[in-house]
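In structure tokens, the next block holds one chain alone, the form predicted on its own.
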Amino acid sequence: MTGLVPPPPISSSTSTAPATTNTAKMEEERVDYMNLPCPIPYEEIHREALMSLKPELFEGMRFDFTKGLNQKFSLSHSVFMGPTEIPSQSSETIKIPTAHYEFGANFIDPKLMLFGRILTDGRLNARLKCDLTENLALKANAQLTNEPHMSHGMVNFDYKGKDYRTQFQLGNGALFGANYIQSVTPHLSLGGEVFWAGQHRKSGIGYAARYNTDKMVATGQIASTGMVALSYVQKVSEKVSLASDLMYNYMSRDVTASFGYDYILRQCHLRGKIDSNGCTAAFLEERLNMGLNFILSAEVRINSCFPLSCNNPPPLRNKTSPNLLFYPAQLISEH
């Protein structure tokens, strides 16, 4: 018995170390539901996927130049020559050769932004964004044209809460819409929207969900109009991201899936996609000098086209797309 050595006493710090670690992890995982982040606007829930899958493709030649007069006011000039697609009842794409010049004026202030464009074919486009209060903003856009029943306008009131956003829309032709999105957890937000088009006697309701982390963004949207939209974006690195989406129309049984990428270099931005309809597209934008960009846009379908342009980046291109499930372009343009 004299050869046996008693075990060393258990230290209090050693015994409490695992418990302290577990407590710290539980505190990190604990969610403060009273301080959830504010979600992005409802109509922008697919914006990461749209950046990769909906590049600003064009066919023909385009030249844009912007001249700043002072810190708030600038003028822009744009020349475009190339075919333009026109609506058709058949599945075939109808293109007509066009050429136009566009003159624009921009006023940018921290609380007020005004954009105007007028084209040689008689179209006039205008956009307004005004911050009425710290949380309430007014947005308006209008298009006037010589063609009958093609002019339209819309006014939006956006309210930004602590952990939610809501929007009310009013358009000509008795078009009313509203949407709401709420943060449920730090990474998950849920929302819904409704609309009523009085001129066409059409209404609809839809729901959306968005889950985002530092590495991925997943969104889903469903509407009573029969549309289902799913998208997923994986951030491979700070400069590379992969995106995919799925569009399904329950009424017509049409399904479209696409896969795209977004690669940002020091002086170059490369985007491309391929979809289930056999369309492959790529968009390359390279900065040659201050205010001077070189753009290559290519799209291969049944017919191939490889247009290019050298331009000054325009300030009015809207990188986010409106919600197409409830406010399709053809519905608004008919008002």
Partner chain sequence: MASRVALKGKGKTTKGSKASDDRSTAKCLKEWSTWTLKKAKVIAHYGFIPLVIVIGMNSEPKPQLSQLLSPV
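Positions refer to the first chain, counted from 1. Given the structure is predicted, the values throughout are model-derived calculations rather than measurements.
Just so you know, the form predicted in complex with the partner chain exists too; it's not on screen, but the next bit is about it.
Taken together, Asn70, Arg127 and Thr145 are fully in contact with the partner chain in the model of the complex: each brings a heavy atom within 4.5 Å.
In terms of contact with the partner chain in the model of the complex, the residue from Ala137, Ile264, Ala218, Ile118 that brings a heavy atom within 4.5 Å is Ile118.
A single residue from the set Asn179, Asn156, Asn106, Ser183 has any heavy atom within 4.5 angstroms of the partner chain in the model of the complex; that residue is Asn106. Under a 4.5 angstroms non-hydrogen atom cutoff, the partner chain in the model of the complex lacks Phe58 among its neighbouring residues. Within 4.5 Å of any heavy atom of the partner chain in the model of the complex lies no heavy atom of Asn212. Residue contact check for Ser151: one or more of its heavy atoms lie within 4.5 Å of the partner chain in the model of the complex. Leu75 belongs to the set of residues with a heavy atom inside 4.5 Å of the partner chain in the model of the complex.
Looking at 293 to 301, 273 to 281, 36 to 44, 61 to 69, the stretch with residues near the partner chain in the model of the complex, meaning non-hydrogen atoms within 4.5 angstroms, turns out to be 61 to 69. In the model of the complex, not one residue of 219 to 251 has a heavy atom within 4.5 Å of the partner chain.
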